[in-house]
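Quick setup: one chain, the form predicted on its own, written in structure tokens, and binding and motion questions come after.
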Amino acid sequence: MADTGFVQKEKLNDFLNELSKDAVVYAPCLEGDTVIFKAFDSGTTLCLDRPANNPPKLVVFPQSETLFSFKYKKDAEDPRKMSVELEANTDFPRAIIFGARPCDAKGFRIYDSVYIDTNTPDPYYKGRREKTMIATLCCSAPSPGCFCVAVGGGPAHREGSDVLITQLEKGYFIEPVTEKGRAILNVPRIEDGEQYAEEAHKRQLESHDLVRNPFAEDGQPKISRALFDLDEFWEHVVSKCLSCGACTYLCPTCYCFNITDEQALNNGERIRSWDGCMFSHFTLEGSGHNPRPTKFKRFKNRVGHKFLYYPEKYNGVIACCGCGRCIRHCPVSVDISEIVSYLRGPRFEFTNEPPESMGTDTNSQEQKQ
């Protein structure tokens, strides 16, 4: 078997149709002017020219899923007694994520540490992850807001990917990264890619130097605890935030969820759905007390989780892949890379005025909620 493959540009749809025979293929597709990950079929329009608005995490960690169904049954001999029957479906279909970006693939490694590499693996995430192949497309140019190189990634980063794909003038160079990924070389419509290897590797190196690095001074997004614990700093830098939560839903590394039971008279379902720390109800307790009642405390927690708490627990790994989605899709352009850049210490001395480039909105108490 060849070590690499190549698919001619005009044969890409045929190649994806071949992949679809044995697995559900998710790919970035056009819906109007928006690019989203969805199941690929002959009626969809593939779009590989720009990253999808949403990350492909929904394939392995669905936005909403039924964990199990339950049914109450009375004891025929003693009606005072009742049993509960549970039924969980963990027979997940094979899936292929085609056209994820390196930052998307790296995001799955953040999930893996939480949901798989633990004494109590999550059977739903683990089951889907094991049956999913991730075929990643190298970025040929940076997108607005992205800063992947600053957090240990890059346009051709391999972490989390099973296959690495490089777009060339005539088609797509395909390079397996894992044993799972090698299976893609057996798919019809693919040819030996050896003659394109040098061109592909050159293209990968060229794209790396185009990505911005907001932490270029020392190469590390380590933040100052003194500034991090200063509430006045957060009140200023996130004053314009709307608490809409789009940043959490569009983030490839955010994994918070809520669980609800939807119940009829004798039966029901337990459902897991995405949730986000930027929502005011996220930490609301039954007593009515909320330990993070204002948006600046919620945003402080979001940044702290990615750049302090997660690295402290998982050997220095930063829980941000630098994809830039939270920056370019934020309705008021809150820039997490800019905030972390200020948080790194002496370069920024706190005054009663916010950092000039961030801008603020001053609607006092209502704006803080």
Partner chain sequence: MTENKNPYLPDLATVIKVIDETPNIKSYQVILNDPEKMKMFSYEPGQVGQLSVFGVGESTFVINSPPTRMDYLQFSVMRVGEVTSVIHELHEGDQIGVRAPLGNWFPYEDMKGKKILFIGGGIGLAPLRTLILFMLDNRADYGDITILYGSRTPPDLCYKDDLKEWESRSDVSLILTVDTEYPGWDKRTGFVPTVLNEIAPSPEDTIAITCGPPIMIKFVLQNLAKLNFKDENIITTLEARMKCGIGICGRCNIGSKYICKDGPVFSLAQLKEYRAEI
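From a predicted model like this one, the values you see are computed outputs, not experimental measurements. Residue numbers count along the first chain shown, from 1.
Missing here is the form predicted in complex with the partner chain; even so, the following discussion is about that form.
- Shown without its partner, this chain lists 207, 258, 213, 178 as candidates; in the predicted complex, only 258 has a non-hydrogen atom within 4.5 angstroms of the partner chain.
- Proximity to the partner chain in the predicted complex, defined as a heavy atom within 4.5 Å, holds among 168, 114, 197, 187 only for 114.
- The stretch from 131-139, 80-88, 179-187, 147-155 that comes within 4.5 Å of the partner chain in the predicted complex, counting heavy atoms only, is 80-88.
- In the predicted complex, the partner chain sits beyond 4.5 Å of every heavy atom of residue 127.
- The partner chain in the predicted complex comes within 4.5 Å of no heavy atom belonging to residue 46.
- Of the heavy atoms in residue 272, some are within 4.5 Å of the partner chain in the predicted complex.
- Mapping the unseen interface onto this chain, residue 202 falls outside it, with no heavy atom inside 4.5 Å of the partner chain in the predicted complex.
- For the partner-free chain shown, 275, 281, 282, 283, 284, 285, 286, 287 of 273-290 come within 4.5 angstroms of the partner chain in the predicted complex, judged by any non-hydrogen atom.
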